[in-house]
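There is one chain below, alone, in structure tokens, taken in the form predicted on its own.
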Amino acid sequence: MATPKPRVKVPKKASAGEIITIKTLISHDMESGQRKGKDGNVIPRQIINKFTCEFNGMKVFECDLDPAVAANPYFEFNAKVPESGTFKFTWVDDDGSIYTDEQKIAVN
């Protein structure tokens, strides 16, 4: 499996108190552990099992993922932006790997 690559879309600017739309996608096979490989052996489970988004250290969005989630999990959600700051996105893999991305937003 290739190293998962997070992609995030956050507006560069917003007005104070504006509700913005955030879009995230991470390239990941999301292997459920229920399929068999060509050799007949079960392919071990390896999924992104948790996703969180924080804004200036405060949790904005969080979810747990199950094996039924398709490959390349995509999330779209809204957040209210009170001030300029940084969104931090974190994906946690079954193997303990953690993938992150940060995006800044300026409030006028």
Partner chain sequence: MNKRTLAALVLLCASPLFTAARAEPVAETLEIDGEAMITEAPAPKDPPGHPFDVVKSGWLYREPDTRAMEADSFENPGMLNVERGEEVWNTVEGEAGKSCASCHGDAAKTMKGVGASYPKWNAKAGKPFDIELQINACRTAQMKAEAYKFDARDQVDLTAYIKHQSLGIPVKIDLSAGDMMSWWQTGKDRYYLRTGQLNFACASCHEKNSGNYLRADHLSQGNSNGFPTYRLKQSNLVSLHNRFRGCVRDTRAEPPKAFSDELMALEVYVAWRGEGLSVETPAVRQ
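Residue numbers count along the first chain shown, from 1. This is a predicted model, so every value here is computed, not measured.
There is another form of this protein, the form predicted in complex with the partner chain, and it is not shown here; the text below is about that form.
- Within this chain, L25 lines the site of the partner chain in the predicted bound form, having a heavy atom no more than 4.5 Å away.
- Within this chain, K13 is remote from the site of the partner chain in the predicted bound form, having no heavy atom within 4.5 Å.
- At the 4.5 Å threshold, heavy atoms of V107 stay clear of the partner chain in the predicted bound form, well away from it.
- When the partner chain is considered in the predicted bound form, D39 lies well away from it, no heavy atom lying within 4.5 Å.
- Contacts between 67-83 and the partner chain, taken as any heavy atom within 4.5 Å in the predicted bound form, involve A71, N72, Y74, E76.
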